[in-house]
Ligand code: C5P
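Only one chain is included here, represented as structure tokens and corresponding to the form predicted on its own.
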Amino acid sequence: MPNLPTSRTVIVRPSAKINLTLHVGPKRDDGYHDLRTLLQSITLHDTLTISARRGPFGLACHMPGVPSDRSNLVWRAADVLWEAMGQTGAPRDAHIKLEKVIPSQAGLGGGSADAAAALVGLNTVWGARRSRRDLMRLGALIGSDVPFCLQGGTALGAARGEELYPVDDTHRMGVVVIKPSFGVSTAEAYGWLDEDRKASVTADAAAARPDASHPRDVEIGWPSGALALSNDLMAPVSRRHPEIGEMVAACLAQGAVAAQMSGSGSAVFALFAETGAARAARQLKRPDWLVLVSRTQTRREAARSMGL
């Protein structure tokens, strides 16, 4: 058994991510797709309170629809780290309280962020003494976004998204996130993309709203200049859920520099000058839209929120 402290509690606040770009290659033999994506962490976060506690491992979360059993990636993270420590059987001697703010099935990496936070907190509580590099390697076994959630800031992701290449942090920008009443699973989004490609469906998922499918170039403070936002999954998801295009158009009407779906959806994010996000969020409220205000986050800020 690990040599546990007599009393130790660690609080970790993992950040959500948005995909500034997401280019999806053909489906591979292993069932995954080759990706090239520009990832950005934002200040929207969950909170995990991880405590040393004798007995079986436990996970508590009171958010409706969020499991507290082995289907949660937090539990998977505990299994992976426990095994890496050379322990046998089920993990034990730790309890995690998960407070959710990042919406689920939204393309914001909430489950991956929680798994990353669990690795960090359990690494301390169990006295595993694993380096961040080692935790990132273990995180890749859990999910493609987990390594980025351990790094944060701005990074280019390749392969399944787990191969990371840090790039310069963006200048601070305000971010509005809108989560509609429905969610989209990762499997659904990629399945719809494969269906549309097989049927040779054109990439324009919202012909009536061209700006929803073709976001304009946006200056985000890189030395290289303008960046054109793009997401190959947005068109197939918008074809099944036209509300995605409506949310993007609403954000642009409120003065967003650019807006698009994040990851596999269903959330849309919009970039604003830092002081404009809160005002826009007030105007974007709808009964069936969860509207959240955030901002972009540097690599150093992300590390601090993770306790790294």
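Predicted model, so just to flag it, every value in this text is computed and none were measured. Throughout, we count residues from 1 along the sequence that is shown.
From this point on, the text means the form predicted together with the ligand, which you will not see here.
May I ask whether G31, L35 and S144 all come within 4.5 angstroms of the ligand in the predicted complex, judged by heavy atoms?
Every residue of the spot touches the ligand in the predicted complex.
Using a 4.5 Å cut on heavy atoms, which of R160, K97, R76, R92 is close to the ligand in the predicted complex?
None of the others qualify; the residue that does is R160.
Considering the ligand in the predicted complex, which of T186, Q87, S230, T124 comes within 4.5 Å of it through any heavy atom?
Looking at T186, Q87, S230, T124 one by one, just T186 meets the 4.5 Å heavy-atom criterion.
Is the gap between W82 and the ligand in the predicted complex 4.5 Å or less for some heavy atom pair?
W82 lies outside the contact set for the ligand.
Please tell me whether any heavy atom belonging to Y190 falls inside 4.5 Å of a heavy atom of the ligand, as the geometry stands in the predicted complex.
Because a heavy atom of Y190 falls inside 4.5 Å of the ligand in the predicted complex, the answer is yes.
Quick one: which of 170-178, 234-242, 97-105, 136-144 gets within 4.5 Å of the ligand in the predicted complex, going by heavy atoms?
So the stretch in question is 136-144.
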